[in-house]
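Take a look at this one chain, the form predicted alone, written out in structure tokens.
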Amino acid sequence: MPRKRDSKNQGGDGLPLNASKSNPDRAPKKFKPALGSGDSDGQSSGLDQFLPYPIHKVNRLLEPGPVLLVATGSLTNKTHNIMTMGFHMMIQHQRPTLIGACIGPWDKSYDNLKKTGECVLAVPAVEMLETVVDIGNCSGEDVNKWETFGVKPVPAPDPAFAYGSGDGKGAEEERARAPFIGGEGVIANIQCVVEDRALVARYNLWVLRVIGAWINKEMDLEYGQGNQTPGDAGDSVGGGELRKREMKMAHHRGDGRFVVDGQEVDMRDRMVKWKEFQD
């Protein structure tokens, strides 16, 4: 269940009294086309496939417990790696948005994360499940998973620029050098930096802070998201009008079997204690 915020410190709209509605953790400003317009040669960089998604709604992508792909390292320095992860959890909704991820020294990504302090969590759709499993069956020490499995790394944008909180340069600690994971089968990419390493030595548990979130612009946001209604076509955040693709997630049962998203049961009217987290 979501962690409930202290109503004593909130304004009428659910924001802390000292917070601005333009806070980048709350919702991105209009998408800057230059971020995804393509490379200098006119070819698409792959980023134009995604649109900014509100950071405070990242829990809607992760609380269902989908298997994830994790990108670490530097695309520029060609140290980028990709791995499959099933152990993760939401810790905090916002200010900041925090995620727990289990990544151990047996993973090549562990060294990358330890060195750079950042990663990208990608939510794959069920169409990618065979590739997701294959990526988890080998080590980046032995193979270049990007080339072997035909997964495209996409240069990540500066989240400070995308969310209207910077001039495009951004603070160095907020820059995500790890690439996005591209492809039509990717539901979302979530940019993270390491917030706390206190539990890493004992439990291999990294506390990650979300600094940017991007969702597939072809995704039907009503499916599994409850984010918008047909009348929201003018809202560019998260894709705007409803899309036609129902991009379903896959959930690992722990023994090599997976459960795929099925019928959604809407219990929002009954969740009277958590109205503040609903649209």
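Position 1 is the first residue in the sequence shown; the rest follow in order. Computed from a predicted model, the values in this text were never measured in an experiment.
Here the subject shifts to the form predicted together with another copy of the chain, a form of this protein not shown in this document.
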*asked:* Partner absent here, but in the predicted bound form, which of 71-79, 181-189, 150-158, 201-209 has residues with a heavy atom within 4.5 Å of another copy of the chain?
replied: 201-209
_is_contact(residue 177, another copy of the chain) in the predicted bound form, heavy atom dist at most 4.5 Å_ = no
*For residue 49, is any heavy atom within 4.5 Å of another copy of the chain in the predicted bound form, or not?*
no
*Do residue 195 and another copy of the chain share at least one heavy atom pair within 4.5 Å in the predicted bound form?*
yes
*Please run the contact check for residue 251 against another copy of the chain in the predicted bound form: heavy atoms, 4.5 angstroms, yes or no?*
yes
_Residues within 4.5 Å of another copy of the chain in the predicted bound form, restricted to 81-118 and counted by heavy atom_ = 86, 87, 88, 89, 90, 91, 92, 93, 98, 100, 101, 102, 106
